[in-house]
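Heads up, the chain below is alone and in the form predicted alone; it's given as structure tokens.
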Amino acid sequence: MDLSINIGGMAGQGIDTIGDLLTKVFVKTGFYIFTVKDFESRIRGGYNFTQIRVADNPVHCSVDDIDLIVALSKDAISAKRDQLVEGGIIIFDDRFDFDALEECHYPAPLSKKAREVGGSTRMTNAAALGALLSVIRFPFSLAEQVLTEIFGKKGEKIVEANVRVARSLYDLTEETFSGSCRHNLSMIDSIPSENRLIINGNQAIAYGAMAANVKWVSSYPMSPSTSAFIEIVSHANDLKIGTLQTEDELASLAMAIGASYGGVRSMVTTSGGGFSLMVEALGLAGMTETPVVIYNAQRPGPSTGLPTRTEQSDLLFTIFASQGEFPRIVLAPRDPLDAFDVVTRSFNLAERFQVPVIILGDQYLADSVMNVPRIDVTNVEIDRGKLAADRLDDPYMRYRLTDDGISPRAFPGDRGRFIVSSGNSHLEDGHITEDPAIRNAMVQKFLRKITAIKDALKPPDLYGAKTTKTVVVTWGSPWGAVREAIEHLEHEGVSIGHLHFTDIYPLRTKLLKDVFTSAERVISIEHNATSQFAKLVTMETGLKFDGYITKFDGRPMTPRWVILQLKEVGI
């Protein structure tokens, strides 16, 4: 079973509420879901939608085909009807004129019943929910439980009114709707409910940071990263995490560097232009060798660009941002579950090598919702790196020159330690100097870390046979759509493999070189206009790709889109 439901309407009509409710209902009954949200950058009005993919096997991306459209505005019909599968159903408010009324298209009195039964047209979303559940033959009792959970905070009267409205449309649809959905979910009573988490990318980032014992998070809110910061703030008192909305992005990173210098794990969350404003402080982290984690949920730029949509166009800027030469680590999660792992590793990597670690998410990762196995946080390892031993018989030098380039860290307040740190070129003891020999030694100390960092990073994942005619190379969140597309092509008999990078920089090159040697052609697929990762590969290895597939309209990739693009380049 693989069912796709699109709920569309204007901002403020409760699209998110229906989406959240359906997501919970389906997960409670044992299904796998993948939910994406598409919304314009405005407070109210403009066409928005939530699309939920429901399946009996794990799914990792959204798809083009839609089985069922729930339209709370006329735009929601016109925008998506071309994607409706044959025999698909459109449920819409009977206030709208619709010139293609067929048996399977259902004009329902959504706003009318919301007003009559619930006393307000604001409950039109609950009415739509009732009609939708009836069309797919879903037991109403399960939906009632979730309605109670979602509206419980608003009081018993609100809960009861929403349940009454949903029930009225559920019953009315049973009586009047003569069509049928190709997926009948009345059989769900026989499917065992499984204990899974419902999580989106930003929640995974937040939970990973808290599991890694983050103790300071500062941020200047910026879509689409904001909800990660808010999630941490909502747990800050219980977990004793210092949080602050700063006056700007530069201040947020400067404060996080200060917190880390003081001895605690620290992080900032931001997006696109916010990271641009942090760049001066990024250099301070590099020069002072202060570990810090930066989460950049990318969005299309330049400038404000498309603030509520998705893109992977900050990669090269992230790798080269700030003046001077210093090591940094760049990681890019492929989905929400991977995001948890990436964040917990990022804190260990930052402290182990005393460098900034930048996590590149994007709006698609940030807002996509999926259900994942429960995460055992007791397995999260905390590695604070090389700390100064509790010895008082030698002078402590924060920047002691070592063979591996990593100096033992001590923190202000440690017994018997006098700590000096500087953003200027400095001596081993931290005091500033312009001595050319020391300058050379300190830069070489920075760069000696890179070899060890490469060894500590995870190699890319190679899917499929060891040798195939074609290999596709990806990084970050396009993983799900590309993986599903390639599985489809493999079933068609196409000789194709998939090499995916989560740990981006410093670039590990061995598997890349193996792939370029064994495959007849290597294709890059990226969510940007200029194939930035492919450029990085060529710069570091001299290897040139045989084809480049790019998408930069702000909308996520789908398996069908990937298949069409691959066939266009001759797969």
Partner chain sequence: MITVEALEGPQKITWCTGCGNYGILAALKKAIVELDISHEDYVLVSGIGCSGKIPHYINLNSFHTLHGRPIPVATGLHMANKDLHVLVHTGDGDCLGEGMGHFIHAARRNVDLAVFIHNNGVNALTKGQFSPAAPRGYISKTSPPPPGSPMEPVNGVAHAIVAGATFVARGYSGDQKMLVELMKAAITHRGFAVVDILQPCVTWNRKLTWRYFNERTYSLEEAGHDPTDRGLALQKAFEYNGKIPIGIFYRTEAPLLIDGLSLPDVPLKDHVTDRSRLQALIDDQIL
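Numbering follows the first chain given and starts at 1. These figures come from a predicted structure and were not determined experimentally.
Beyond the structure shown, there is the form predicted in complex with the partner chain, which is absent from this document and is the topic of what follows.
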Practice item. Check each of S407, S276, S168, Q203 and return the one that places a heavy atom within 4.5 angstroms of the partner chain in the predicted bound form. Key: Q203
**Study point:** Of I319, M255, L172, L84, the one that lies within 4.5 Å of the partner chain in the predicted bound form (heavy atoms)
**Key:** M255
Review point. In the predicted bound form, which of the stretches 422 to 430, 300 to 308, 470 to 478, 121 to 129 has residues with heavy atoms within 4.5 Å of the partner chain?
Key: 422 to 430
Review point. With the partner left out here, if you bring back the partner chain in the predicted bound form, are G324, K454 and K458 all within 4.5 Å of it by some heavy atom?
Key: no
Check your understanding: Should H60 be classed as touching the partner chain in the predicted bound form when contacts are defined as heavy atoms within 4.5 Å?
Key -> no
Review point. Is G413 close to the partner chain in the predicted bound form, meaning a heavy atom pair under 4.5 Å apart or at it?
Key: yes
**Study point:** Proximity of R196 to the partner chain in the predicted bound form, heavy atoms at 4.5 Å
**Key:** yes
Point to revise | Partner proximity in the predicted bound form: Y463 to the partner chain, non-hydrogen atom cutoff 4.5 Å | key: no
Review point. Mind listing which residues of 240 to 258 have a heavy atom within 4.5 Å of the partner chain in the predicted bound form?
Key: K240, I241, G242, T243, L244, Q245, T246, E247, D248, L250, A251, A254, M255, I257, G258
